[in-house]
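Heads up, the chain below is alone and in the form predicted on its own; it's given as structure tokens.
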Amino acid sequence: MPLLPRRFERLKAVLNCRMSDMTILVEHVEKPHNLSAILRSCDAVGILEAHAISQNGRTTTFNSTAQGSQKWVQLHQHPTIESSIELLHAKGFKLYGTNLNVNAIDYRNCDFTGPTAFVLGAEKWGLSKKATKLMDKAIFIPMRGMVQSLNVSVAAATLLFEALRQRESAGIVPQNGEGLSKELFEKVIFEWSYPQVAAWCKLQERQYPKLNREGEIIDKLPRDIKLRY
């Protein structure tokens, strides 16, 4: 079925608000409902991509809590905490790890208007000692009750929406695609619009076809590929 113009406009409107300079990295967050809720918050805030390290190569799974958000927020899997942090540092991110040590500071006293990556640990244990040592800054969310921490998905949402609030106050939240490079915008809008064709192009190691203003593919494709629209 061809992509309807109103569907294409909806996809573009969402992508216009996406930010490539804010992300989240979760370490050993295995419960499907928690990971699903985190990705749902990422989508709501406007994050383009998220990152995860799983225990022993476990396959990431989602449940209905995600509401399909895993289709719109790409989750990159990493083998180790070191490799994920090296990648994020190379992209210019400052890493804020949730922690209750004496050097941690109140998250509300941090500036999240620059390239920001929030790093959260497993549901029961929090961040590993190895991950904690690699953070640029340790942060905490103040608690006023008997428990010392929030559920990991709630903590993620709290941090993400504080970062969004700061950026809105600073007037730097993207509205017209300025949160992504032109090349990245074109790549993602094609993958969102034609996921099956995008998968075929990757297998064939060929560039994505061009789209016109209405979202129609204007390059020639094999007939059987066109049927995958």
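For clarity, every value in this text was computed on a predicted model and none was experimentally measured. One rule holds for the numbers: they count along the sequence shown, beginning at 1.
The same protein also has a form predicted together with a small molecule, omitted here; what follows describes it.
Pick from F93, F112, W72, F140: which has a non-hydrogen atom within 4.5 Å of the small molecule in the predicted complex?
-> It is F140.
The small molecule contact in the predicted complex: S149, any heavy atom under 4.5 Å | S149: yes, in contact with the small molecule in the predicted complex.
4.5 Å heavy atom contact, I85 to the small molecule in the predicted complex = Taking the distances in the predicted complex, the answer for I85 is no, it never comes within 4.5 Å of the small molecule.
Touches the small molecule in the predicted complex: L120 (any heavy atom, 4.5 Å) = L120 belongs to the contact set for the small molecule.
Do L127 and the small molecule come within 4.5 Å of each other in the predicted complex, heavy atoms counted?
-> Within the cut-off, so yes.
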